[in-house]
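Next comes just one chain, in structure tokens: the form predicted on its own.
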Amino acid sequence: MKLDLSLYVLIDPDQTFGFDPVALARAAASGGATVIQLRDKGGAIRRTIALAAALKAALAPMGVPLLVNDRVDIAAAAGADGVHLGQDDIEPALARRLLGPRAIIGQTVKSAAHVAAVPLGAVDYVAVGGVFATLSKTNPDPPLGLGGLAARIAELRARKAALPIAAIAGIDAANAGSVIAAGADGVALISAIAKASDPAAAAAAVRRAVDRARETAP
């Protein structure tokens, strides 16, 4: 499945603000989301597998890939399209061996040391963050800001110019254009969609901001 990071929406079953997680993911996809990630850090494994399988069944007809946060075993059990890994998760190269060459594998980076350690042969994309402050995840370090985001992107592009890169944390329709202007290929977010009264419309608004920023990029 082709990877397009334009609008990457995280679904956390504990942060859906009254929406059914599958309905929320379907609404995000109908509004223009190009990737959905299931992030269920507190869920029992059987619940997470069942939810991942339900999300995959809902998204497959829409052509939107489903990734699972952290858990290679759950991604494999649910037939997801891939996995997104943090710095403390399983090594991307091992995830590649377990999930196979067609799986989508991504990794989050924040520091220059993280960038230098990215196994470029094992990952399909990188997410840089947190860019801005966020309430959806505890981040002990201060946000990178746009300057820090641009620096990490430049370091990544120096290693692999065509590497797809998403920016993550604290992003909404109002600031999405600024992270695209800083060099990101797309935006990853959760609250801007999940907290909206109309998630499909919220997704469409962020997608328009991303597309407009690309049109005006130098």
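Computed from a predicted structure; not experimentally measured. Heads up: residue numbers just count along the shown sequence, starting at 1.
A second form of this protein, the form predicted together with a further copy of the same chain, is not displayed here; the remarks below concern that form.
Novice: In the predicted complex, is there a heavy atom of a further copy of the same chain that lies within 4.5 Å of any heavy atom of Ala112, even though the partner is absent here?
Specialist: Looking in the predicted complex, residue contacts with a further copy of the same chain do not include Ala112, since no heavy atom lies within 4.5 Å.
Novice: Closest heavy atom of Leu59 to a further copy of the same chain in the predicted complex, within 4.5 Å or not?
Specialist: So Leu59 does not count as contacting a further copy of the same chain.
Novice: Is there a heavy atom of Asp124 lying 4.5 Å or less from a heavy atom of a further copy of the same chain in the predicted complex?
Specialist: No - in the predicted complex, heavy atoms of Asp124 and a further copy of the same chain never come within 4.5 Å of each other.
Novice: With the partner left out here, check for me: in the predicted complex, does some heavy atom of Asp141 sit within 4.5 Å of a further copy of the same chain?
Specialist: No, no contact at 4.5 Å.
Novice: Check for me: heavy atom within 4.5 Å of a further copy of the same chain in the predicted complex, for each of Asp172, Ala194 and Asp211, yes or no.
Specialist: No, because Asp172, Ala194 and Asp211 lack any heavy atom that approaches a further copy of the same chain to within 4.5 Å in the predicted complex.
Novice: Since exactly one of Leu120, Ile90, Ala133, Ala116 fits, which has a heavy atom within 4.5 Å of a further copy of the same chain in the predicted complex?
Specialist: Here the answer is residue option Ile90.
Novice: Could you work out which of Ile45, Ala154, Ala181, Ala53 is the residue within 4.5 angstroms of a further copy of the same chain in the predicted complex, going by heavy atoms?
Specialist: Contact with a further copy of the same chain in the predicted complex is made by Ile45 alone.
Novice: If we take heavy atoms and a 4.5 Å cut-off, which stretch out of 22 to 30, 59 to 67, 164 to 172, 45 to 53 is in contact with a further copy of the same chain in the predicted complex?
Specialist: Contact-bearing stretch, as computed: 45 to 53.
Novice: Any residue of 91 to 107 with a heavy atom within 4.5 Å of a further copy of the same chain in the predicted complex counts; write them all down in order.
Specialist: The stretch 91 to 107, when checked against a further copy of the same chain in the predicted complex, contributes Glu91, Leu94, Arg97, Leu98 at the 4.5 Å heavy-atom cut-off.
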